[in-house]
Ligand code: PEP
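Taking the form predicted alone, here's one chain by itself in structure tokens.
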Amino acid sequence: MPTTGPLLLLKKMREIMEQRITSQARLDKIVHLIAANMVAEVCSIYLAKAGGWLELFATEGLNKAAVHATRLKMGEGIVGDVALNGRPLNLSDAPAHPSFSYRAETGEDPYQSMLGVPITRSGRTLGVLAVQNRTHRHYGDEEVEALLTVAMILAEMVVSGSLGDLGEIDAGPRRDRPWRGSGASFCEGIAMGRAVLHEPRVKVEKLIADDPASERLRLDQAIVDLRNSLDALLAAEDHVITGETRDVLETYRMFADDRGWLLKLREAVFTGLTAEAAVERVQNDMRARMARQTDSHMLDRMHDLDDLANRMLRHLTGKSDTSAHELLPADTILFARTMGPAELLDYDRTKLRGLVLEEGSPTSHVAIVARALDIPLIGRIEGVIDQVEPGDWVIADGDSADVHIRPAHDVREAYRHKLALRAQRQAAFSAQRAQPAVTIDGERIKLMMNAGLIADLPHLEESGAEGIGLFRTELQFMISGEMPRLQNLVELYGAVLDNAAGRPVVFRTLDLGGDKVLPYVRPVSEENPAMGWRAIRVTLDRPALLRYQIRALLRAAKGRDLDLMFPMVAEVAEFSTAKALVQRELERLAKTKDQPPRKIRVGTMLEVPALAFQLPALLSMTDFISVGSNDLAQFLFASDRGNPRLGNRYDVLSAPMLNFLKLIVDGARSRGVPVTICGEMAGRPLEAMALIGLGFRSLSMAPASIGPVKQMLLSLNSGRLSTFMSELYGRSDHSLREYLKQFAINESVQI
């Protein structure tokens, strides 16, 4: 093919697409043009149909009667092989290929050589474009590139619906019809609103270049800009990393220098595509090749390449990386593959109604932040990003873990009715707000709320919480662009105590690390960050940071009670060292003659199983214990709470977990040390019931959970429950959940 072949081909393709003719006539002209341009005797277009079929839609050289009559199953014949595996086949002796399947009605007997390329979009094969010759011919690289370029344009024609008059074509997800998906509920509630993509798609409007030379320059400049931006992120001491670890950024940088990737981009532009279309075409090819991989590492690399391609497209189009600072609808439902907690906090919380994730875990920190914001969160909905368009009407049902995109009218009406019933239920909870949390047999249960933002504080009155059992102090550090000033922290902690109006507030010192990365601190790359350098380990290695925070807390308390605790303590020695820093700051406060707290209590989180085996020594030193069931379960079962494959593998309502919790609560009560549990267990009525049966009398949870948990305990006889549970601890069942449910049913406990 002459050098001008690809450019001339695309120029004539554009002329055909601008003509006012039927879709069939357009396809007929395209196959005729390709055959002439590539000096091929046959050119054929096969498109996907429902049920996994490929149908011959147009041909130049084969029998015309075979059009819309010849069908192949995915994987059948050479055409089916190309479609199934999503990669080109270039054969000089096609009949000798093991996938060859003879179809007499096509009249392809004399043709020996064949080049077939997949018609793909977003990793999905929509059809196959093929050329054939009588001679044993091996098609050149330039011809393969030209055919792939035309295949991309055909893919755009399919997904745009411009071939709709030829019957139903399986173009993958239809974003103009109702769609429903089910996942896992990470935060209950129902939201109705408009879809916003956390990472907006960059829609390539123009495929064929007017000036190929200028497109090559644009592509080269975008490559330079991409490299520079990644270098800046990696080099800066105070850079913002929004959800990407340093490892991923370094992987991006490696890909940005990959000669093979860059060569493919330049070859795609050389064929006559715009720079944006070249990036999309190369990424479509990579998706098609990698989409059928089952290896999780390869799938992660596919996500990395997708993200890199999106970064490149944003450099070319000047679009922003996320929607956080865009003009949002008043009823935003946010969609993302995955998110970090800091990214979620970037959004205007007055407009955020719900969050939908393709991945995630109910105990991930972004889920914890979502619960703090009281927004429904549904996760683990595979492929949902491919189904939704920005602005689509969405229902996110965190109660049933369903997501409805573009719901039909009757579905909307049903949910409006459901929301009305939910409002009635909330009104019933509100009516119980002032009622003491006392079981039928007279056991007083303290119901506290978790918080981490000033925006959480009105929930104290709304929920009827008796105080704040866990105030996560790290959120303020994460949402700031720089290290918060001491006076700002004093004002923040003072405002929390003011709003509590004498009710207890337990401040947890900084729990950083893992997926909680400060935007102004270089993150540490670790193999297993959940069990790595985080929480008390960070602040004991950086004692000035811990003293800085303690100083702010002491100054904010002035004349009031102050309760503070340390996270992820693994041994008594760590607690002792941290407590000594509190004493040093108290001595410093005395020298400054500032008013000290009226009373200070220092406690610890119990999240690391090792600490329970030093319980007597710990109880002699600590003023209180707060059990963090999320991390405790993760470490007890050696099960990464952020891994979706393990999310439902172990049950907190199992004998190992309940026995371990009973060991803690019995030990604390025997020494008269107050013990609270503040993990996700506390906020679910059935789990909270089990905790009361174990002996816990103080639970801290998301504000929205207080009503349902109080309703449960008002209908509970805790003594009968404790007796019932005493028979469960020795069982070897995977879970004790069904036994506890049956108890609740038999005893009319409202769970």
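Residues carry their position along the shown sequence, with the first being 1. Since the model is a prediction, treat every value here as computed from it, not as a measurement.
Another form, the form predicted in complex with the ligand, is not on view; read the next lines as being about it.
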*Which among 436-444, 604-612, 590-598, 179-187 is in contact with the ligand in the predicted complex, heavy atoms within 4.5 angstroms?*
604-612
*Can any non-hydrogen atom of residue 361 be found within 4.5 angstroms of the ligand in the predicted complex?*
no
*asked:* Within 4.5 Å, heavy atoms only: does residue 132 come near the ligand in the predicted complex?
replied: no
*Proximity of residue 678 to the ligand in the predicted complex, heavy atoms at 4.5 Å*: yes
*Though only this chain appears here, would residue 631 touch the ligand in the predicted complex if you measure heavy atom gaps against 4.5 Å?*
yes
_Between 264, 121, 508, 555, only one gets a heavy atom within 4.5 angstroms of the ligand in the predicted complex; which residue is that?_
508
*Pick from 313, 405, 470, 282: which residue has any heavy atom within 4.5 angstroms of the ligand in the predicted complex?*
470
_Heavy atom within 4.5 Å of the ligand in the predicted complex: which residues of 532-561 meet that condition, in order?_
534
